[in-house]
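First, one chain by itself: the form predicted alone, in structure tokens.
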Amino acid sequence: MPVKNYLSLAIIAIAITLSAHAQSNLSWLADPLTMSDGSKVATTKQWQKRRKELLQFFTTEMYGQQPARPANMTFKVFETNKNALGGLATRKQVTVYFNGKTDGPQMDILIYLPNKVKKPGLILQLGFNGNQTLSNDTAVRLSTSWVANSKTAINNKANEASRGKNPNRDVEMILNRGYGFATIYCGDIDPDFDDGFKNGVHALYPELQGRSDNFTTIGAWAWGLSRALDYMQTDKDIDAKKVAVFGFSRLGKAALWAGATDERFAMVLSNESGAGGVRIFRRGKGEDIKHLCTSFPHWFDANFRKYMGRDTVLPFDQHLVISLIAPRPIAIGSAEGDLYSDPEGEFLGGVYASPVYKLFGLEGLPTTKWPGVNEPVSGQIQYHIRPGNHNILTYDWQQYLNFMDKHFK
């Protein structure tokens, strides 16, 4: 046999071995319907006990503790325009003062509500680099929080040139579909760099630092999303029972955890959240725990560092976090070229969370076979994969809006 054929056979054999190893890893995934004492969950009432157990585990081992809603928190609607975006929407800008003090930690919520719909549900997201980057709308307040230096930020302060630099050109599509859209700059809650948890909302809770389950940046972002929902429950123009929490990339990790910890969110939309989001670690593909903990030590708690180098033998995995959303709907989006997020691993996160939905008499993902590009599959869990790389595109928003129509209308 020619040497080339031997090499081809060897490559095939290695691929089969690696595939078998990956499947072996997945066969040992923790069962979401088995309690830590080995007893089985057979009813939705028993699931509540298991849910509490899982929440405590991930709070302790990964995402960190969170404080309760601040007793002195206040809201101020500082701007309203009923003729925004050419009359399509009403724009509101709201400041949340976390400790009730105007010189204390605070965040701005930018909200657009469709004028043609009375009391709509909406998509709530965290964004990058300031609310002003969403569009060229000069009425949007320029962020005064820390932002990474760039051509549009000097000395970590955003300038006018940053307007529209991270545009969401699909906001009008969202509004025309009958939903509102709200965004918060993640850096208002906690700037995305490791400063020892001294700035942002962490400054209010020093007692939650210096411990192995410390209050983290991902945890703070998720907590901030819940505080935005607190405001929305006071706004008569918003249907707060139909708020879908959305996140892309690292902010998708925060949106997932917000949905897991706060059952008031009616839906979770996760776009390419990857490692620490919806992706299964045990596959050993894409970003690993060591990279998460060394490049972004502020994202997760100190306990999580003990799992560095143990991705493929973890006693837990992210399907358990997804299961905490049940029975509420969750949509997962991937991109074909986003290998660092491991698209198939993101799909499998939904597959292995599906038994919890079945417990509620609902269909999770309707298939265990990874679907093709541009072939979305949708049960109470939805999954799509599109061509392209790490980004949020019009096609993604279309899938999420279709999912919202399915469950909200």
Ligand code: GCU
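Heads up: residue numbers just count along the shown sequence, starting at 1. These figures come from a predicted structure and were not determined experimentally.
We do not show the form predicted in complex with alpha-D-glucopyranuronic acid, though everything after this point is about it.
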- Decide whether K253 counts as a contact residue for alpha-D-glucopyranuronic acid in the predicted complex under a heavy atom distance cut-off of 4.5 Å. yes
- Spell out, yes or no, whether the shortest heavy atom distance between Y340 and alpha-D-glucopyranuronic acid in the predicted complex is within 4.5 Å. yes
- 4.5 Å heavy atom contact, L292 to alpha-D-glucopyranuronic acid in the predicted complex: yes
- Taking heavy atoms and a 4.5 Å cut-off, does W299 contact alpha-D-glucopyranuronic acid in the predicted complex? yes
- Task: Using a 4.5 Å heavy atom cut-off, indicate which stretch of 284-292, 316-324, 135-143, 107-115 touches alpha-D-glucopyranuronic acid in the predicted complex.
- Result: 284-292
- Item | The unique member of T152, T261, T90, S249 whose heavy atoms fall within 4.5 Å of alpha-D-glucopyranuronic acid in the predicted complex | S249
- Query: What residues of 377-409, in sequence order, lie within 4.5 Å of alpha-D-glucopyranuronic acid in the predicted complex by heavy atom?
  - Reply: H390
